[in-house]
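Take a look at this one chain, the form predicted alone, written out in structure tokens.
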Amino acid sequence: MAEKASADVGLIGLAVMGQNLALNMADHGFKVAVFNRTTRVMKEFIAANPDTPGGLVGCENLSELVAAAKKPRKIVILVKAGPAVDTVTKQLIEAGAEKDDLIVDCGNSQWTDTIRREKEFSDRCRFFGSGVSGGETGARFGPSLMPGGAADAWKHLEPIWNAIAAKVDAETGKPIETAKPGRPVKGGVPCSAYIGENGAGHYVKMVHNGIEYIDMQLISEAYFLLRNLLHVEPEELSQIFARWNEGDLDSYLIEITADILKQRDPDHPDAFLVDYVLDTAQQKGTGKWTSINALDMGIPANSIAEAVFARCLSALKVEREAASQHLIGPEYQYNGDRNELVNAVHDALYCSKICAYAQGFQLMRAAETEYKWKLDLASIASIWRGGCIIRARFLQRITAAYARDPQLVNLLLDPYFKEQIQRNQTRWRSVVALAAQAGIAAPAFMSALAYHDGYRSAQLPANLLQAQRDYFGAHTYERIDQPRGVSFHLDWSKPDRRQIKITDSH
């Protein structure tokens, strides 16, 4: 039987993420009451971890867990996103959770569900939705945490979240090295900050994952271009990525790419593992959610969508293999300077990365208006500097950009990023052109460049497009010599094609 009201926090769901988060909290001196639907898993977990600094309290049912937690209770849910979250929340309320208690959903829930739950349960508990990024290792030693819920309730969760989050150096923004079990990081700035009301935390986590999709796709395209144009072995590519990780591209994803590429295959010691991994990428849906939401709000996150579609295309392995026997691309042999190509791909990757993040932050800016949130974009960039999958040196620059100008409309307009693209765009364009000439699919590079060129264009071909819409559907058009909001229709079917003024919103 669990002790009465002795635990600082409760946790439900002891899969790997739940176990690691519980141990992280216990390492930081918090007593954690834990429950798992399969009681055996809970008992084995308690038995395997008898000496944590804060201590673990095993609970065989939810009533025990509620009774074990100090008021106002902080109860973390780590169960499968969807109906299970509603079920567990209702069960906690039935087990005695009260109006001032915080129930914190740390799964990858859709933000709209979190908005609904916060409202639905508002008279029975304080429902929070917190994004958690960093995978199993992050959960154990320091994740990036993105909580959303009632501002006045955040103060109760804040000490725990700030303690267990990853830490970065206050001056450089670099992650502080992961501690060993039982020896948490001392000092540093926590990668946790209050995001906003109701679903804001889960929304920002979704955008993080959308950016993660495009970041991974861009890195994979850089690898593929160099592999196919220079015909180099993965071990040499590993060395290239390791060098890149010492400069502007320094990031967790570049670091693990260098490590992956040098890995020998366990079954074929003379070959490399990457060459034996089937080229079909799976996905869990958060990248798709980001793309759908961008479409719903009319935000051009085309590169993020391309990363999702690239995974979809990769899944058509059988079709692609059959098509490769019939659809013939160009015969191309690269005869240029090898080092120049490596440098060009580096610059193309950096420029494309800037555009990818610009799209993600532009989407969050639009969400502020759509969902009536107040998002601190500098703070969001800062908590992504450590713990999360997209952690990178680059995020220190983004933090600085939004700190200089909190109302910055688009990351591309920040002086630093504007100068970087201006300096490197020639190489970026050469890489995209080279990919097209060689017949190598590089949708992320190409879409990022298209986004940049479209965004910097004072005029686009949409004038013809809108005229077409008016021609076949009487959808009207605006004129460059009239105020915005004044609409016209041309009677295309009549001989005189008379123009009719339709509306004047002013």
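In this text, residue numbers run from 1 along the sequence as written. On a predicted model such as this, the values are computed, not experimentally measured, just so you know.
The discussion below concerns the form predicted together with 6-phosphogluconic acid, not included here.
Contact with 6-phosphogluconic acid in the predicted bound form holds for none of A305, P443 and H452, as no heavy atom of theirs lies within 4.5 Å. Exactly one of the stretches 426-434, 353-361, 125-133, 230-238 approaches 6-phosphogluconic acid in the predicted bound form with heavy atoms within 4.5 Å, and it is 125-133. The partner is absent here, but in the predicted bound form a heavy atom of G285, alone among G285, P406, G329, G336, sits within 4.5 Å of 6-phosphogluconic acid. Proximity to 6-phosphogluconic acid in the predicted bound form, defined as a heavy atom within 4.5 Å, holds among R140, H208, K74, R117 only for H208. Interface residue remark: D101 is not counted as part of the site for 6-phosphogluconic acid in the predicted bound form, having no heavy atom within 4.5 Å. Though the partner is left out of this view, S220 does not reach within 4.5 Å of 6-phosphogluconic acid in the predicted bound form, counting heavy atoms only. Though the partner is left out of this view, Y213 does reach within 4.5 Å of 6-phosphogluconic acid in the predicted bound form, counting heavy atoms only.
6-phosphogluconic acid is not drawn, but in the predicted bound form it has no heavy atom within 4.5 Å of Q396. Contacts between stretch 376-413 and 6-phosphogluconic acid, counted in the predicted bound form as any heavy atom lying within 4.5 Å, involve I389 alone.
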